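Only one chain comes next, encoded as structure tokens, the form predicted on its own.
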Amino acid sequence: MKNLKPISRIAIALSALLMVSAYFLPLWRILMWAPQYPEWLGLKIWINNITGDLNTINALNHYIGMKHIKVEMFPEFNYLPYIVAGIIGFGLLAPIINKRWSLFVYLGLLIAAGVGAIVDFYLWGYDYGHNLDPTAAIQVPGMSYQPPLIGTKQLLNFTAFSGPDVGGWVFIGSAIIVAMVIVFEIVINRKKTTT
């Protein structure tokens, strides 16, 4: 198994170090707009917290029977910092291992973490939007209020948006760096074998 190029090792270490920002930047955001809230209501999801217009959103959602959003309802916040630390650690170990297989493992960890986060968010959103209080003040038969997974969705008179925030884009950028390094390593080695 051939060693990685020095530039590849630097790029991989950089991609891992970029993810340290996950501890300081919001990873995901949810925005809600309605005529009575023209300046948006928003939530920011961090590695271990939720901030934003939580009280206003909880007050509004109470009328349609949705649960109050609280940090305590997300056990993920207890172990997510350790998962991210593990991925960063392997990302810093990959240049030391200095073998192509470590790049594939690192990219696999990044993809698995991203897919796991999306699936987890979908399952939470489904429960949050479908498991409603039957004694709620406002009830619309057949209506559910699952927030959008990614993109926008109309929920009664609100337009809701969900998507990566700055920290989420850093994660995506880190995965793109790793994928580009893999392509670079494959192309460079292929060129050497053909000359």
Partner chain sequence: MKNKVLWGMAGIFIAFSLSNCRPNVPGSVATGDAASKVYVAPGKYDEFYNIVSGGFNGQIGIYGIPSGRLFRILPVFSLSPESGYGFSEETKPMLNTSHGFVPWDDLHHIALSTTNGEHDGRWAFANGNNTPRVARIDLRTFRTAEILELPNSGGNHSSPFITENTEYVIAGTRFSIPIGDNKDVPISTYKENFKGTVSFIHVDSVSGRLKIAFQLLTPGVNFDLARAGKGPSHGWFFFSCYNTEQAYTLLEVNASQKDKDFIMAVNWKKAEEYIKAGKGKKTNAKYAHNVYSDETHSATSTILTEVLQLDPAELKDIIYFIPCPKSPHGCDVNPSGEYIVSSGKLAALIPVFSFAKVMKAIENKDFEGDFAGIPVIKYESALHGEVKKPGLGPLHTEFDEKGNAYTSMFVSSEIVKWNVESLEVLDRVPTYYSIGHLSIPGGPTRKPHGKYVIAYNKITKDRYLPTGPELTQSAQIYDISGDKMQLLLDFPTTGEPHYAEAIPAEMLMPKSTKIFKLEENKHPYAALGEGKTKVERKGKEIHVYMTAIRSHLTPDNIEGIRVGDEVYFHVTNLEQDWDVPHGFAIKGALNSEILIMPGETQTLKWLPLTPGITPFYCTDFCSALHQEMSGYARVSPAGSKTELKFSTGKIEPQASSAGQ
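Positions refer to the first chain, counted from 1. Everything numeric here is computed off the predicted structure, so don't read it as measured data.
There is also a form predicted in complex with its partner chain; it is not shown, and the following applies to it.
Exactly one listed residue, out of 59, 149, 156, 140, brings a non-hydrogen atom to within 4.5 Å of its partner chain in the predicted complex: 59. Contact check for residue 126: every heavy atom lies farther than 4.5 Å from its partner chain in the predicted complex. Although the partner is absent here, residue 37 lies within 4.5 Å of its partner chain in the predicted complex, judged by heavy atoms. Heavy atoms of residue 63 reach within 4.5 Å of its partner chain in the predicted complex, making it an interface residue.
Considering its partner chain in the predicted complex, the lone stretch of 37 to 45, 141 to 149, 22 to 30, 160 to 168 in range is 37 to 45 [heavy atom distance within 4.5 Å].
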